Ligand SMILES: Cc1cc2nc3c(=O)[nH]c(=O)nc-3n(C[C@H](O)[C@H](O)[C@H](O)COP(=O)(O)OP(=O)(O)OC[C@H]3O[C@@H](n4cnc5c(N)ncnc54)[C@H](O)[C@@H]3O)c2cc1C
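A single chain comes next, written as structure tokens; it is the form predicted alone.
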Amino acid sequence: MTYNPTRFVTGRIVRNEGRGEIFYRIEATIPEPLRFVPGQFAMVSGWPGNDPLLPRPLAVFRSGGTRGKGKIEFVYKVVGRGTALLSGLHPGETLSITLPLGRGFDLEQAGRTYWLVGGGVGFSSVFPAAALLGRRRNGFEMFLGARTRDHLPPKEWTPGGKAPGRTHFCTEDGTAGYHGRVTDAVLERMRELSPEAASRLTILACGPKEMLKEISTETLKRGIPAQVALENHMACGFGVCWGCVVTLWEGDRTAYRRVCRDGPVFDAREVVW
């Protein structure tokens, strides 16, 4: 499968809707359809003036369209001035978008089953992987975690959400699904696996650093490969500013790598937590 090279485009907003004042979903038209690797992202801006100066990184949530007319969607959470300004934009206004950026998940391994783990807004990176795996008829399950039910993604956004046993919702306060942390649910499910099933498993995860660290530790103990999408703050998106570096193991030595350029997806075994 071929994917688009990085390019700058101007998008026009079709909708920008909030869900429970937690998540926002913004959809825009772009000149051409986009083919991207799940886990890749875009640098997005659209507010007037130069405050803030830098665009914001958003995981590519969905794309589509026909030749000569494309559509792109992002899901985001308001965490600062930039995303607050994005949430106030209206249909008809324009976005400045650079995409696709970074390295996404490796989904080309034959004979694997996948568990997709999303904590908080991290679901916006793993949902595209679920959609692609569903189209390919690959086996997968999803574990989605939040503090409370209102912080979970809407079920209508969830790929394969209607398949029995495929999606596991987890809340720390017990208001929906599994009562506890999403990592606890993953570990409980992992203990039920036969050695044969564990040997075919790959985990894809995106969420808070502590969640990714714990998943990395437990999968390493069991010899289960895991890929993690890091959520480091990014300034440029091209690897020029070196503002999003992460420390990785290279053999018995460590090295700095740029999340925006060399990631955001990394082999969990390589990350120095």
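So that there is no doubt, residue numbering starts at 1 and follows the sequence shown. From a predicted model like this one, the values you see are computed outputs, not experimental measurements.
Missing here is the form predicted together with the named molecule; even so, the following discussion is about that form.
Of these, 28, 58, 211, 34, which has a heavy atom no more than 4.5 Å from the named molecule in the predicted bound form? None of the other options qualify; the answer is 58.
Which one, 76, 143, 114, 127, lies within 4.5 Å of the named molecule in the predicted bound form by heavy atoms? When the named molecule is considered in the predicted bound form, the option within 4.5 Å is 76.
Is the gap between residue 232 and the named molecule in the predicted bound form 4.5 Å or less for some heavy atom pair? Output for residue 232 is yes: heavy atoms within 4.5 Å of the named molecule.
With heavy atoms only and a cut-off of 4.5 Å, decide whether residue 189 touches the named molecule in the predicted bound form. Residue 189: no, not in contact with the named molecule in the predicted bound form.
Considering only heavy atoms, tell me if residue 177 and the named molecule come within 4.5 Å of each other in the predicted bound form. The answer is no: residue 177 has no heavy atom within 4.5 Å of the named molecule.
Heavy atom to heavy atom, is residue 152 within 4.5 Å of the named molecule in the predicted bound form? Looking in the predicted bound form, residue contacts with the named molecule do not include residue 152, since no heavy atom lies within 4.5 Å.
From the candidate stretches 143 to 151, 80 to 88, 127 to 135, 166 to 174, select the single one in contact with the named molecule in the predicted bound form, where contact means a heavy atom within 4.5 Å. That would be stretch 80 to 88.
Contacts with the named molecule in the predicted bound form, stretch 14 to 39 (heavy atom within 4.5 Å): Nothing in the stretch sits within 4.5 Å of the partner.
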